[in-house]
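There is one chain below, alone, in structure tokens, taken in the form predicted on its own.
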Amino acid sequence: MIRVSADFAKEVKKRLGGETITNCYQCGTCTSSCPVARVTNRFNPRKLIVQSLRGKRDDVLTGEMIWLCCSCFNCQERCPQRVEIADLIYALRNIAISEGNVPNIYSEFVSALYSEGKLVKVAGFTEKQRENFGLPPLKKPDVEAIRAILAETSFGEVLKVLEGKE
């Protein structure tokens, strides 16, 4: 059974980035401007907005659609109603994250950033190529400084949610 929340649009509208959601009149400019929507029908900004406005909270927050946006801002720049669509998607992602609804790859990114100071390990091949080109070795990230920054931006709380510590 699909649960509908009559107050979901109001909840989103109160969030930073979600303030303009109710300005949308479903013209479809966002979807026709979207490079992701051109290559897959799994992402449709217009549909995401209408689901949010209709209160389909669970579908929006547990589905994959909010994670497929590439943040190019084409939709936002072209919207005739000035709906801040990319910012709205960030607001939806923030709600999803606060409830622990995050694809595994994102929680792996957060964990790597927190523990290693970077998202991807630099391969030995890359280090060797730098040496061959006369470039200095890459500096090791200051993990403690990165953790301090993450803690100041409440990213540490996100990590706790993702790891199920709350």
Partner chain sequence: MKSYALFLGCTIPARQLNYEISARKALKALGIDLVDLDGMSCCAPPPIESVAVDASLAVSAYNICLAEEAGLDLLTICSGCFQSLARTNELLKRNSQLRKRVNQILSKIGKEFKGSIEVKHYLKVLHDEVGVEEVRRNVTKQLKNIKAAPFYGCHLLRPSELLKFDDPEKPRILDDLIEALGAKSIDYLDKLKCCGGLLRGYDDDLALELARDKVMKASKAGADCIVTVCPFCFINLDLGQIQIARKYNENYSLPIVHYPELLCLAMGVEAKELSPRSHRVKIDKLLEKMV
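Predicted model only: the values in this text are computed from it and were never measured. Positions refer to the first chain, counted from 1. What we label the rigid core is the largest C-alpha set whose atoms superpose within 1.5 Å from one form to the other.
What comes next is about the form predicted together with the partner chain, which is not displayed.
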> Just to confirm, I146 within 4.5 Å of the partner chain in the predicted bound form by heavy atoms?
Replying inline: yes
>> Taking the partner chain as it sits in the predicted bound form, is G100 near enough to touch it, meaning that at least one heavy atom pair lies within 4.5 angstroms?
In response: no
>> Even though the partner isn't displayed, in the predicted bound form is R42 close enough to the partner chain, meaning a heavy atom within 4.5 Å?
In response: yes
>> Considering non-hydrogen atoms and a 4.5 Å limit, does the partner chain approach R130 in the predicted bound form?
In response: yes
>> Going through 101-119, which residues have a heavy atom within 4.5 Å of the partner chain in the predicted bound form? Please give them in sequence order.
In response: P103, I105, Y106, F109, V110, L113, G117, K118, L119
> So with the core overlaid, does the Cα of L119 end up 2 Å or more away between this form and the one not shown?
Replying inline: yes
> After the core is overlaid between this form and the one not shown, has the C-alpha of C69 moved by 2 angstroms or more?
Replying inline: no
> Does the C-alpha of R54 move 2 Å or more between this form and the one not shown once the rigid core is lined up?
Replying inline: no
